[in-house]
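Before any questions on how it binds or moves, here is one chain, the form predicted on its own, in structure tokens.
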Amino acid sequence: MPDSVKINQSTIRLIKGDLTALDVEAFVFYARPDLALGSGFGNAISMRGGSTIKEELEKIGGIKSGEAVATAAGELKAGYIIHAAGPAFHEENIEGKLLITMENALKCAEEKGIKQLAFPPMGAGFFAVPLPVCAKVMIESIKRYLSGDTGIKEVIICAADNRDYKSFAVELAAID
């Protein structure tokens, strides 16, 4: 199965690794609407990135589900973090809400002039978005976005483990 697919002048690439350790222009964090960093990746961002990220988030205050906002990435290798709040815990219309979240995260990156962006499996895991739904919606929305007029040249999906990787590999292979 391919680990990358070309869409127009852009590439979708699938890797395995630690999202917060990537040397990329920006990465997306699946945020809570109150923008508190919390545990898991949020804790890694807080610990590795330093206090400036939390301070910037406190100034913003919060966002609604489906919205995205960018902050600097502090001491992390990335230049920016795009905090995107999406559906959680078996809400109705998870697919539609995740699609809006993805579109807004990509638009936020575009507005910042970001050309390289990495995503985790959005909402899979703690927020209980089913992995097959997550992979399908993410690949579809990224493909659709990159098919349009965009300055984004590379979108990386960073899977933490083999289970996540395999789900995305199947969806990536299905792109025609």
Partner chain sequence: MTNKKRSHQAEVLIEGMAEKLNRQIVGSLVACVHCGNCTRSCHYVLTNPDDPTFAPAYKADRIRKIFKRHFDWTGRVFPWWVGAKSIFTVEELEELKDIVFGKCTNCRRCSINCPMGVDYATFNRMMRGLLVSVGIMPEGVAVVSKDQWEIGNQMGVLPEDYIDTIEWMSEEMQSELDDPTAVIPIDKMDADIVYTINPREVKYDPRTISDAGKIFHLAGENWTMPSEGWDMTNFGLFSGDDALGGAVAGRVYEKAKELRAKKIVISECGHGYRSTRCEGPNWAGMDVEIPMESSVITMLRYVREGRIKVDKTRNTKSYTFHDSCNNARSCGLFEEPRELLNLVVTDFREMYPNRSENYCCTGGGGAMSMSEYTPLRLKSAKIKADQLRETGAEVVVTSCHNCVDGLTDLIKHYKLGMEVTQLVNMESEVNKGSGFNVSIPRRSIALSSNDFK
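Positions refer to the first chain, counted from 1. Note that the structure is a prediction, hence the values are computed from the model and not measured.
There is also a form predicted in complex with the partner chain; it is not shown, and the following applies to it.
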Honest question, do G96, N104 and V133 all end up within 4.5 Å of the partner chain in the model of the complex by heavy atom distance? no
The partner chain contact in the model of the complex: I60, any heavy atom under 4.5 Å: no
With the partner left out here, check for me: in the model of the complex, does some heavy atom of N162 sit within 4.5 Å of the partner chain? yes
The partner chain contact at D18 in the model of the complex, heavy atom, 4.5 Å: yes
So in the model of the complex, is the partner chain close enough to F29 to count as touching (4.5 Å, heavy atoms)? yes
Can you pick the stretch from 138 to 146, 62 to 70, 106 to 114, 121 to 129 whose heavy atoms fall within 4.5 Å of the partner chain in the model of the complex? 121 to 129
Within 84 to 100, which residues come within 4.5 Å of the partner chain in the model of the complex, counting heavy atoms only? F89, H90, E91, E92
